[in-house]
Every structure is written in C-alpha cells, then in structure tokens.
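A single chain, nothing else alongside it, follows as structure tokens in the form predicted alone.
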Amino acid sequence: MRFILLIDTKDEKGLIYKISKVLFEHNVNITNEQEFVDNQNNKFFYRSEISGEDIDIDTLQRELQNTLPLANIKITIKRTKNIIILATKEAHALGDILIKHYSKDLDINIQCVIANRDNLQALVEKFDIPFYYIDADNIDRVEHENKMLQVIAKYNPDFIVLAKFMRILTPNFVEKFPNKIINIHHSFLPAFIGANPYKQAYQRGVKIIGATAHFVNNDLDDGPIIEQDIVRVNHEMSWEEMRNKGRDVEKIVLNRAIKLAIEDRIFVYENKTVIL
C-alpha cells in the first residue's frame, strides 16, 4: 500500500537521518520526498510518499513520534479524496471542476453539489452528481447553514470547495472544517477584497488582475493562501472584460489549489502555507 507521511517540527540536525532510520527499520520504501526549512522561524517541513507490504501504521506513527516527540506527524493512505462543492449561480468554476473530474484530470470523488440557487442543477445532473438546492433568501444564515450541514454530514467529505459560493460562512460553520474549506477569490489578495473586485481594479487602473485560492477562516478573504496567479490587462478594457479574463484565471488557480490539497502537499502555520 502507498501512504503520505507529513511532518513539521522545530528544525535540528539529523532530522532526515532519524526519519529515514525509523522507516528503514519498518521495511518502508520512500518513493518520493521533499523537505523545507524555514530558517526565520526555525521550522522543518517534510513530506514523503512511502510504500511497503504489511505496514503497521499505528506502530510506525508511534515510533516516529517517540523519535520526534515535538513533531506534528500525519500518515494517511494515498487515495482518491472526497469533496463537496458549494455554489451560487456562476457556472465557470463549478463547470471546470466537473469537466476535470469527468476527464479524470482531477483525482477526486465529487459527492454532491450544494447551491443556494437552482440555475446550476441541470449542469450538475449532466454529470450524474447529486444536486441539493437550499434556498437562502427566506431563512436566516444560521438555519441555512444548518440545512447545508445536514447534507454534508451524510457524506463526510475530505474537503469543501467554494466554487463561487457568494455567501460569508459563519464561525460556527468554519470551525467544523478547519483548513478543509477551499475558496476561490476573484482578485490577487490582499488587494481588492470583498464584492466586485474587478470594478475596484478598473477604477484603480491596474495593469494586472489575478485570482487567489485560500483556506477559509473567520476573517473575510484572509485565510492561508494556497495558490495565486495573474494575467495582464490594460486601460482599453472595461471592468466587464477584466472580469471575463479573471474568470479564466480563477478556474486555473482553483484547480491547482484542489490538486495540492488532495495530494496532501499543504502545511498550514501562522496563517500561511508551505507547499511540498
């Protein structure tokens, strides 16, 4: 079987040797590994893909923890991740994920799509994926989220992806999925947060626009950044033309972020990420 080993800890001499020694003693093969040292914060990050016959994961994790008592250690089976998508009415981000899932360009299992508008239902059902329409207009935010949580509880996803889900989630919802909710924001954060950033960018006369994928926390558009990209624009473009170019970037950035998350490549600390 194949597993992913993630370790972050205080940096010190001999960490790679200590980790490799434990893996060797358990007859574990390292098929791929990366490490990074944040010298400013004296932090060590390590990711490896490991394999072997009859690996006792509990014993392996316990011995790694005994060897590195201050480390955060996580061992997971390398597998297809389950995701739930939340959407509102824009189709570009959701449609791109659905196509990449259908073509197997993203190794994910989309368990369902939950939306607070019903206009995307026909699109989702073309891919034989369950669609849940939960109207948000006639109930308060807490009740709406509770209805979503009831659906999510049926599936227990690895990640929740906000594919242009245009509602601010409450702390009660966010705290149930720490570093598991991935959002795509239509600007190059931290610039132009909030609503209609393309109009804000147009009014400032910017020369580049971009998109940012980040984990959701309780501060608006301020969660740990996973991925970003940009595209050049000019003074001849209207804000609507900027928006159209920006949507293409949004799809690319969200796809990259999902891929990094499902491959267990993201470490989160101090409201930022290390990607290995």
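Just so you know, these numbers come straight off a predicted model, no measurement behind them. Each residue number is its position in the shown sequence, starting from 1.
Omitted from view is the form predicted in complex with a further copy of the same chain, to which the following refers.
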> Does a further copy of the same chain get within 4.5 angstroms of any non-hydrogen atom of Asp158 in the predicted bound form?
Replying inline: no
>> With a cut-off of 4.5 Å between heavy atoms, is Asp54 one of the residues that contacts a further copy of the same chain in the predicted bound form?
In response: no
>> Considering non-hydrogen atoms and a 4.5 Å limit, does a further copy of the same chain approach Arg167 in the predicted bound form?
In response: no
> Hey, in the predicted bound form, does Gly205 get a heavy atom within 4.5 angstroms of a further copy of the same chain?
Replying inline: yes
> Counting only non-hydrogen atoms, which stretch in 177-185, 85-93, 72-80, 135-143 is within 4.5 Å of a further copy of the same chain in the predicted bound form?
Replying inline: 85-93
>> Is it the case in the predicted bound form that Asp222, Ile225 and Asn255 each bring at least one heavy atom within 4.5 Å of a further copy of the same chain?
In response: yes
> Going through 2-17 from first to last, which residues have a non-hydrogen atom within 4.5 Å of a further copy of the same chain in the predicted bound form?
Replying inline: Lys13, Gly14, Ile16, Tyr17
